[in-house]
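A lone chain, given as structure tokens: the form predicted alone.
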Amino acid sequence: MEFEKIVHERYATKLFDGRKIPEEKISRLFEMIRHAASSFNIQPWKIIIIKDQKLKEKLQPATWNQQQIPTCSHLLVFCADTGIAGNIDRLEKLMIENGADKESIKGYIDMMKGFEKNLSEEQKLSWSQRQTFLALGNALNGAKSLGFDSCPMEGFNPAEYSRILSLPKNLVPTALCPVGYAKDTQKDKLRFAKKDVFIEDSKLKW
């Protein structure tokens, strides 16, 4: 499916039919998510994969009882990872394993470490969450490209998700993405007109 068609046909599915996505397809989706863009390539996220039906049902009350949760095939819990320093260390190791010279990348690594050091805990969370939404975008469009559906969700209680899933402090549930096969039907998309979204530089005072 061409990307333009994917963007136009993807929609926020409110009810899935309960069918399971074949492992081959869900694995391909995970690869698309794994290759999402991120600043400095730090990839400050973890995605929790929920397949167990009882666990989905346990999480549903913490998602305001929305029906996407128990009816989806897989529930993906996108967590921002505030352990940025650890990711930088892992990235450095990965770069060296893939042929980079440690001395030649020292400046880049030091720049990332300096960036992380200057962030407050609140800034680390905010930055990591913004990066996490880039990975979520890959999940939404990737699902449609593979022939199934998805729904981006912020309507849930992150603290309850953390408690139920026993997540460490550095992993903060930020968005949900249930995926599966839609049981509802897509409505016409309503979007603002181009003139209300894009501003040409000729209209700016600079």
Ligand SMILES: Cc1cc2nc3c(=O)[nH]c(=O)nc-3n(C[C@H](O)[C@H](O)[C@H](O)COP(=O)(O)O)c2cc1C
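Numbers follow the displayed sequence, beginning with 1. Worth saying up front: this structure is predicted, and the values here are computed from it rather than measured.
Quick note: we don't show the form predicted together with the ligand, though the next part is all about it.
*Asks:* Please determine, with the chain shown alone, which of 60-68, 47-55, 157-165, 31-39 has non-hydrogen atoms within 4.5 Å of the ligand in the predicted bound form.
*Replies:* Flagged stretch: 60-68.
*Asks:* Hey, in the predicted bound form, does F115 get a heavy atom within 4.5 angstroms of the ligand?
*Replies:* Outside the cut-off, so no.
*Asks:* Verify the contact flag for Y108: yes if a non-hydrogen atom of it lies within 4.5 Å of a non-hydrogen atom of the ligand in the predicted bound form, no if not.
*Replies:* Residue-level check for Y108: no, no contact with the ligand.
*Asks:* Although the ligand is absent from this view, report whether W127 comes within 4.5 Å of it in the predicted bound form, heavy atoms only.
*Replies:* No, W127 is distant from the partner.
*Asks:* Although the ligand is absent from this view, report whether R19 comes within 4.5 Å of it in the predicted bound form, heavy atoms only.
*Replies:* Judged by the heavy-atom cut-off of 4.5 Å, R19 is well away from the ligand in the predicted bound form.
*Asks:* In the predicted bound form, do K5, G147 and Y181 all reach within 4.5 Å of the ligand through at least one heavy atom apiece?
*Replies:* Zero of three within 4.5 Å in the predicted bound form.
*Asks:* Would you mind checking 150-173 for residues with a heavy atom within 4.5 Å of the ligand in the predicted bound form?
*Replies:* Read in sequence order, the residues that approach the ligand (within 4.5 Å, in the predicted bound form) are C151, P152, M153, E154, G155.
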